[in-house]
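Before any questions on how it binds or moves, here is one chain, the form predicted on its own, in structure tokens.
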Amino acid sequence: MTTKTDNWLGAMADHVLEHGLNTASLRPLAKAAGTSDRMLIYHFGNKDGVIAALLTHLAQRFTDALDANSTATVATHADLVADVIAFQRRPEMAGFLRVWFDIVAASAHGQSPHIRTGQQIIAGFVDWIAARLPKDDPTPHKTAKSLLTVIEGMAVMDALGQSDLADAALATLLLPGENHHSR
């Protein structure tokens, strides 16, 4: 059963995916949700609560889409990174990456709701990656953190129009047949 706040979060997420997070203030978010900024404050506590709930909702939406487009486990670490990068490079995922970079930029400026929510998103993605690693990986969470760092670096390079450098780095770091457990 979908609640009123779930509907609001869905509508606000659609708005943010189209227009970005940096310009998201309460009035445009409320308008997108079909409610008032006062109702958002009432239900989420304050603007930080609205933003935190919205970012969590967006992260779940991204993970759900990734789940629907990936396999349960992969044969190699390189396969997992390549699958995630290919998914992130889809045109329909561009809004999610723009919002992610908005979160990172706000975090760099010390905005605590973005830092906390960004850390939660990272932790969830580490768990997601760890669950899909080859079953013989002796340290799945350690490996997942390393692979996520590669994925994030590649996303930055893609955003800067340097996908060829990102692909070359991936080929160098995750050579087929190499033991990646120690990374």
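Small disclaimer: the values here were computed from a predicted structure and weren't measured. Take the two forms, find the largest set of C-alpha atoms that superpose within 1.5 Å, and that set is the rigid core. Note that residue numbering follows the sequence shown and begins at 1.
One more form of this protein should be noted, the form predicted together with the DNA, which is absent from this view; the next part is about it.
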> Is the gap between Ser25 and the DNA in the predicted bound form 4.5 Å or less for some heavy atom pair?
Replying inline: yes
>> Whether Ile121 contacts the DNA in the predicted bound form should be assessed with a 4.5 Å heavy atom distance threshold; does it?
In response: no
>> Is it the case that His57, even though its partner is missing from this view, gets within 4.5 Å of the DNA in the predicted bound form, heavy atoms only?
In response: no
> Even though the DNA is not shown here, does Ile41 get within 4.5 Å of it in the predicted bound form, heavy atoms only?
Replying inline: yes
> Which of these residues, Lys145, Arg116, Lys47, Lys31, gets a heavy atom within 4.5 Å of the DNA in the predicted bound form?
Replying inline: Lys47
> Tell me, which of Glu152, Asp137, Asp37, Asp158 has a heavy atom within 4.5 angstroms of the DNA in the predicted bound form?
Replying inline: Asp37
>> Using a 4.5 Å heavy atom cutoff, which residues in 89 to 122 contact the DNA in the predicted bound form? It's fine if the answer is none.
In response: none
> Cα of Phe44 displaced 2 Å or more between this form and the one not shown, core superposed?
Replying inline: yes
